[in-house]
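We begin with a single chain expressed as structure tokens, specifically the form predicted alone.
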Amino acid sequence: MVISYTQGAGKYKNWIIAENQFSIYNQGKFETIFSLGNGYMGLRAATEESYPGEKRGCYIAGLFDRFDGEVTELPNIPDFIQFDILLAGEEFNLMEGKVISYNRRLNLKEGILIRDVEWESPGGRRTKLTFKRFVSMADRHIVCQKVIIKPVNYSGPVNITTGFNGQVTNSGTQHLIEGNKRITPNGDIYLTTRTQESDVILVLAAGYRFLLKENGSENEINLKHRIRTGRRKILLSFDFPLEEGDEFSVEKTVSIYSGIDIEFNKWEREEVIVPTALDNLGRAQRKGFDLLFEEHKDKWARLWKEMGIELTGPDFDQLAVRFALYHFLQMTPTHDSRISIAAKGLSGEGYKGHVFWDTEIFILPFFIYTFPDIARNLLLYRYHTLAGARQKAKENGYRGAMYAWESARTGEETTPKYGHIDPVTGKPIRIWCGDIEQHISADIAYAIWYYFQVTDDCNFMYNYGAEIFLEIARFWASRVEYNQMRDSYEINDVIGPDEYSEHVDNNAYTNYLVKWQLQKAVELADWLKERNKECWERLCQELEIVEEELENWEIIAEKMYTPLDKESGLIEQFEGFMNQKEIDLSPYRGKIGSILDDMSWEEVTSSQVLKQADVVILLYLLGDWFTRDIKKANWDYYEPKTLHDSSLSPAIHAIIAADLGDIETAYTYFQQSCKIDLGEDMKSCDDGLHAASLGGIWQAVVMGFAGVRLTKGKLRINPCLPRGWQKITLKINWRGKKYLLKIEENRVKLKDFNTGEVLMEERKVVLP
């Protein structure tokens, strides 16, 4: 077994994910799931030594660059992880010689990656090596590494070469240009570079500390170095004569800054940023690896206290939930509201670091209930990119704010126009999402309203949220089309959440959410008039809102075409869907994307086959609008037609199955969601984590099994634990107060998080 979830014991039980067998064919999987980060940067878990097929990568949140003819993406910054190690003249390389033992493990509790190897060289020399690294949660600019080398059956020289390599690319695209490479009087090094198109400076500085443990005593030693430079590269080499049984350690501390950092008022010059990076490096160096790790570990401990979910049940389930929570925090740019969470977080090049609806619908609920200040920051990203949304609306002939399907730093549309080659036609598949997958604007409005309902953050609505919400409503009012024959408003030529259906009319998900949002926009206007007349008058003046416009929104909402067959209870996914060809999906279930190996894109899009939840997610988001019978009818119709070729889909099905009382099916879908990244498929996440599925895991536990649900302005807690789960303990924030929930035998014990006082203990709980 290559991957293990059971290695943790004692205080680390269900906290450790381990790789116990090295294979170059599995590198992408572990580089992704073992990735480290702190929201400022994300570091893929490439090994210190280099192998064919690796995807080394470190990405800084919000730092984008564009290669000519391509869309913008997060550039891979210079590699600083690599260590080339010679042991008595033989290169340390696991593809040669013999691996006596191997274990690499990510400790989710403490945010550290550790690898232990005992290796026998082709010459018969045995060495024990330990590699440690962490990306500091206590100082977002600091990364620490430690390499420990212990000869087992020989004495001889050890040579280590490490430094900075700016020759890295994004799958062949070079985003960095030549800068300066220097070594300071105290032996630290730094490298500067700039991005090609966006012209942002990057500074990386590193310092080294060497330790020797002999006869049970460890002392710091000084080593001379040799320096080697090349284009965008500076490396140092160190030699040391090591005796059998001694232990030689190298600590490397790296300080990283960029010109877009929140610390700077503008894209600063090198003369400003280099001293900043070196000063921070100096402070970190004086502390050393162990103290820096203690500070980092303490920060993780505080975070886990605030967000941890304790689950008495199968070990894998507990670990999977912790895996999701860990990656939430390491991928989220809590330091800067100008940046949001990418679809792959900061763990890989997939989707080029762009932001989708994944953040608002799948990830944001975790932060709303757990860290509402961070949720506020993530919504502020949409405020900072409001100008881009307004520009997109204008360019497409609409009013208000039309948000980009994929966005980066400015909010402009960054969706590529073409994707993979259609294996049947041989032509590149046109990507229409950036043009017509428009429901994201309604999704953002939904997230704003949801945040407001849970937090009661009026100031956010006064200063930011209301403006976004009203501008989105204005967009929809200009986007709808009036059908005189039906006396209804329609939205034609769109893509709904199910991306296997393109250029459809009246996608139910989109239409229903637009109806909901226009109703809420009028409600919001009335609330502002009553609660903060000054704010309302300011918005009316700035946005040129008149009463006739609000009246028009009411009319559109009332006459919005929202399909629902009263006899069957079915909601047609889009007009004509039920007339499309039905096909046998059994050969393709569980094999993501395999349907495209046998059918052309045109055949898929004209059949009754769903990539992911569409009507089913509508039943979740607007749950108050639908009876149980309607939910059951649509579940029975659409669930068999859904391939779950998107990672966003299984968790939503888990929640609706739980709503319908089918806990066994809900649990099956929950486990499917957990295994998207953590499963035995060694190719499931080479390009990065599935951030939305991680959000789905949390929602399946909290909204599904724990039954925490916002309904009619109140918080309902109505649990339905799956078989094998005896107890769940979790924390939630609700309108300025934090609660501890203990759910056992489907009863809720509600406590004050700070005092521990038991507030109520009931089968169901409702908080006003």
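Just so it is clear, the model here is predicted, and its values are computed rather than measured. All residue numbers refer to positions in the sequence shown, first residue = 1.
Quick note: we don't show the form predicted in complex with a small molecule, though the next part is all about it.
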Consider residue 648 of the chain shown here, and say whether it contacts the small molecule in the predicted bound form, taking contact as heavy atoms within 4.5 Å. yes
Considering non-hydrogen atoms and a 4.5 Å limit, does the small molecule approach residue 136 in the predicted bound form? no
Is residue 108 part of the interface with the small molecule in the predicted bound form - any heavy atom within 4.5 Å? no
Report yes if any heavy atom of residue 556 sits within 4.5 Å of a heavy atom of the small molecule in the predicted bound form; otherwise report no. no
Only hit among 357, 190, 577, 469 for heavy atom within 4.5 Å of the small molecule in the predicted bound form is 357
Ok, 611, 115, 140, 232: which has a heavy atom sitting within 4.5 Å of the small molecule in the predicted bound form? 611
Just one of 611-619, 276-284, 423-431, 330-338 has residues with a heavy atom within 4.5 Å of the small molecule in the predicted bound form, so point it out. 611-619
